[in-house]
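First comes one chain, alone, set out as structure tokens in the form predicted on its own.
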Amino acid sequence: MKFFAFHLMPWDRLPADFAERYDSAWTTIPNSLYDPLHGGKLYNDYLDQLVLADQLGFDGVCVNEHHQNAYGTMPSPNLMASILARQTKRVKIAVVGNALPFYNPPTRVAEEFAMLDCISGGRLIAGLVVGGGPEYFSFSLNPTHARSMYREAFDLVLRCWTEEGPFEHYGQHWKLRYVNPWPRPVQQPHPPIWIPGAGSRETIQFVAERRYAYMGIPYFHLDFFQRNFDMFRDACEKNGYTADPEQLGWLLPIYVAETDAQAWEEYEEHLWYFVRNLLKGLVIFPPGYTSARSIAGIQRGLQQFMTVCQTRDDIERGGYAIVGSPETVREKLQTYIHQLGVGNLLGLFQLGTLPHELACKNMSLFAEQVMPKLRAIGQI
């Protein structure tokens, strides 16, 4: 079992009446709400939390890419990963990921990921993603091209890492006379590849076919994860092999305090800030972004999305977040990890407005009192 600290780097100062005044935390949210001086403090606090994960014994840290939003103020995860490559010594650095259709040409991703792998001494995990629905509005990019651009860019990045250059590339979306990336990654033939998904059949089949790792996008009911992970295992069987648990990752908010009551007292207001403000507008799928069959499944899943939760009981019953004492968190995680059959746990230990000091305490308690006992269980 591997444990990762995942960070969104959220904006924590939306006005109290944000949910009533604004339609979304994405795309059209006024950037006058952003205070650069406070933003600088947040970036440094958040980086310190990920460096702490290295010191506490986590297996890895995760950063990701989002644009024009308050949910995750990290338009360039590679910048953050480059700092972490220097300031950490041991953890894997998972960039989950770079949204390939937004890079022109996508060989830029192959170059920057290779730089990160070199600087970190071969600790990069490469996330290669389609990009979120709202971001196709932010980039004014035709969403009907999303999948074909992604497939072409994906294969081009792979060629950059595995074929000697220079070579030519003439595809549907990019035509490049000279492809000859310097540097090349330390890990051969290429860094491990993770691909996140929210239930798209195309994504699940693609990941299974290529034998990469599938990371479940969070904030859904446990039943939604179960269906998607079972679908992935079935897809692997159809491709002639049995899925390894390390090909599956479960991402979710986690908060640990000394007692169950103290955990909820310290955490609850920050969780609801996240649910009611930062998730607003996240699940927008522009026309053509994915297939009709997949969008039908995703829409059914949205009935179990975290924004439908109204009470603490809703959160706990659906397993949307695991909150409590070390013993409570350990028992719930042991049960759910076994049920879902995943080999990677990706925890959001800072969420919404959760202050730096509480985020660090949360990570420390998890690392000292939860993680070792889950490791001791072995492949649960």
Partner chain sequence: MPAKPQHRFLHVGGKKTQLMTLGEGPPLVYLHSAGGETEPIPFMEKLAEQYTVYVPAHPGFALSEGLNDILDIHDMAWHYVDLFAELQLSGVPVIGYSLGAWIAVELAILRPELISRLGMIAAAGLYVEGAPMGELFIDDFNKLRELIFFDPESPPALQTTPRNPDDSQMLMWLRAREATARVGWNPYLHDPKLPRHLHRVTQPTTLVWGRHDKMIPLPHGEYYAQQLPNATLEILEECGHGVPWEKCDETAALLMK
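These numbers come from a predicted model, not from an experiment. Positions refer to the first chain, counted from 1.
This protein has a second form, the form predicted in complex with its partner chain, left out of what is shown; the following refers to that one.
Only one of 252-260, 121-129, 155-163, 300-308 lies within 4.5 Å of its partner chain in the model of the complex by heavy atoms, and it is 300-308. Contact with its partner chain in the model of the complex, defined as a heavy atom within 4.5 Å, is made by none of 76, 186 and 357. Contact annotation for residue 100: none of its heavy atoms lies within 4.5 Å of its partner chain in the model of the complex. When its partner chain is considered in the model of the complex, residue 140 lines it closely, a heavy atom lying within 4.5 Å.
Under a 4.5 angstroms non-hydrogen atom cutoff, its partner chain in the model of the complex lacks residue 368 among its neighbouring residues. Within this chain, residue 171 is remote from the site of its partner chain in the model of the complex, having no heavy atom within 4.5 Å. Here is the short version: of 108, 238, 145, 211, the single residue with a heavy atom within 4.5 Å of its partner chain in the model of the complex is 145. Taking 219, 113, 136, 232 one by one, only a single residue has any non-hydrogen atom within 4.5 Å of its partner chain in the model of the complex, and it is 136. Applying a 4.5 Å heavy atom cutoff to its partner chain in the model of the complex picks out 23 as the lone residue from 9-25.
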